[in-house]
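Presented below, as structure tokens, is a lone chain in the form predicted alone.
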Amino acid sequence: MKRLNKLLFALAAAGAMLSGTSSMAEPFKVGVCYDLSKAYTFASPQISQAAMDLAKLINMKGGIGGEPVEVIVRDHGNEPQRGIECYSRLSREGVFVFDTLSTPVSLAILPRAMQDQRILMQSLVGRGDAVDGTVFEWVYPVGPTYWGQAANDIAYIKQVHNGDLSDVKIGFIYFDYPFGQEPIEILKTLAEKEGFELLLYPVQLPGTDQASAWSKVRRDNPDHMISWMLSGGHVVASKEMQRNRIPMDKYISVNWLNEVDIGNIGAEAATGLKRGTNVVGGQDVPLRLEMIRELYDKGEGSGPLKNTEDVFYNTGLAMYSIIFEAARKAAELEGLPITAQSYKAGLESLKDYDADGMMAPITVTAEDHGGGGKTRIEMWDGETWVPQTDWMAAYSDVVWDVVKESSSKYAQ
């Protein structure tokens, strides 16, 4: 709690403990261009609600150096053109920090942000090679990329097999579009390095028909299944696994699996299922408890209380704690007003930052815009998520070789 208070009270200027924002200076704005209506509605309401809650709490503590913070939430419907329109409109309003929570929209905005020298945050989405700050100077995929997540999943499986993957079969079931395809390159690289057999099982969107894929899984009998699907895709997969008598403990999900999915699968039926994550699950987390006490218990929350009980709310708190901590560092380093250049410096001064235990610690540098890429594997035990590993960033040399090869093509 002491570290949490330090985080929150450091955001306030000495003597500027204002309860509102009307008499404060021009706000530091973040453009939250999200899909609130189509593909990502399983996560975007919780994450955007967390962003607004955190902004409220920071403003209650006096803002950043006496300057309020503001998150401006707009819907792009996961459509690149609408995302570009959101970016352009908010840029004209003085916004220079953006988040999209969408790989297609992030890819569309990225060249513009680079040219305009505006900050594009892309935690958990977007180009995996954008962690290379020497090429993508204005793009910050802080947290694990899908490449890093997949590499960490392989490292966990290697631990299970006592360091030897030579006779192991690993299946990869994925939505057959850019999000799902993203880890394939790194998985193929690691299969060659470690000697395991990689089996690919593409699933067509929206993932409601997985029968043929899981029938093939039953015949192939891989030792583990890494899954790159979303929301209802996990629920359908669990039913197909039960139908094909495939043990649930073979399943390792990408981070996009939450308590709603567990409820839809069934708490008992989901026992043994695993996921990779960079955020602590559960409700007994200091920053979330602060939100409940200071906002929701007083009727000041930005949305339904139920949303705060979801791991994606914690994901939002983690993401926006990073964004606002970088702003605090920028003000500390170069004073007010915060500019795109000073904000960049603030991001690149974050060291072992974990939002008071909310997430895997990150260290951002001019070279590494990802912050280290740490995740851990958690298992659902029928009632809660139980960590199976410490925070780790495995195969970093392999991942960075792939990053450099890809980013060099962009640079050319």
Partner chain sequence: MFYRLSGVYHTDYVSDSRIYGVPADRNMAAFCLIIGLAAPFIIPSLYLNSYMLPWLIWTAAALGLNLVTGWAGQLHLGYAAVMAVGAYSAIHAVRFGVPWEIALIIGGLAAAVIGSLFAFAALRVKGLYLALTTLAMQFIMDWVLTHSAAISGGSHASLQAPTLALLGQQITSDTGYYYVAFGWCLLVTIFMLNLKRTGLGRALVAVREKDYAAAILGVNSFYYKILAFATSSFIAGVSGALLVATFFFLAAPEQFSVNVSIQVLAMVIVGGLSSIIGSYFGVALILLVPGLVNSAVASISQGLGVQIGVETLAHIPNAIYGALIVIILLIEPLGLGKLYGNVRDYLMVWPFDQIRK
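Residue numbers count along the first chain shown, from 1. Given the structure is predicted, the values throughout are model-derived calculations rather than measurements.
There is another form of the same protein, the form predicted in complex with the partner chain; it is not shown, and what comes next is about it.
> At 4.5 Å by heavy atoms, is each residue in Ser48, Glu79 and Gln181 next to the partner chain in the model of the complex?
Heavy-atom distance to the partner chain in the model of the complex: all three under 4.5 Å.
> With the cut-off set at 4.5 Å between non-hydrogen atoms, does Ala360 touch the partner chain in the model of the complex?
Ala360: no, not in contact with the partner chain in the model of the complex.
> Evaluate Leu289 for contact with the partner chain in the model of the complex, applying a 4.5 angstroms cut-off between non-hydrogen atoms, and reply yes or no.
Taking the distances in the model of the complex, the answer for Leu289 is no, it never comes within 4.5 Å of the partner chain.
> Since only the chain is shown here, I'm wondering whether Gly207 would be in contact with the partner chain in the model of the complex (any heavy atom pair within 4.5 Å).
Gly207 lies outside the contact set for the partner chain.
> With the partner left out here, check for me: in the model of the complex, does some heavy atom of Glu294 sit within 4.5 Å of the partner chain?
Heavy-atom contact with the partner chain at 4.5 Å: absent for Glu294.
> Give me the residue from Glu332, Asp176, Asp223, Asp164 that has a heavy atom within 4.5 Å of the partner chain in the model of the complex.
That would be Asp176.
> Among Arg89, Lys169, Arg218, Arg243, which has any heavy atom within 4.5 Å of the partner chain in the model of the complex?
Result of the distance check: Arg89.
> Counting any heavy atom within 4.5 Å as contact, can you tell me which stretch out of 318-326, 247-255, 96-104, 207-215 lines the partner chain in the model of the complex?
Contact-bearing stretch, as computed: 96-104.
> Could you run down 120-137 and flag each residue that has a heavy atom within 4.5 Å of the partner chain in the model of the complex?
Stretch hits, in order: Gly126, Arg127, Gly128, Asp129.
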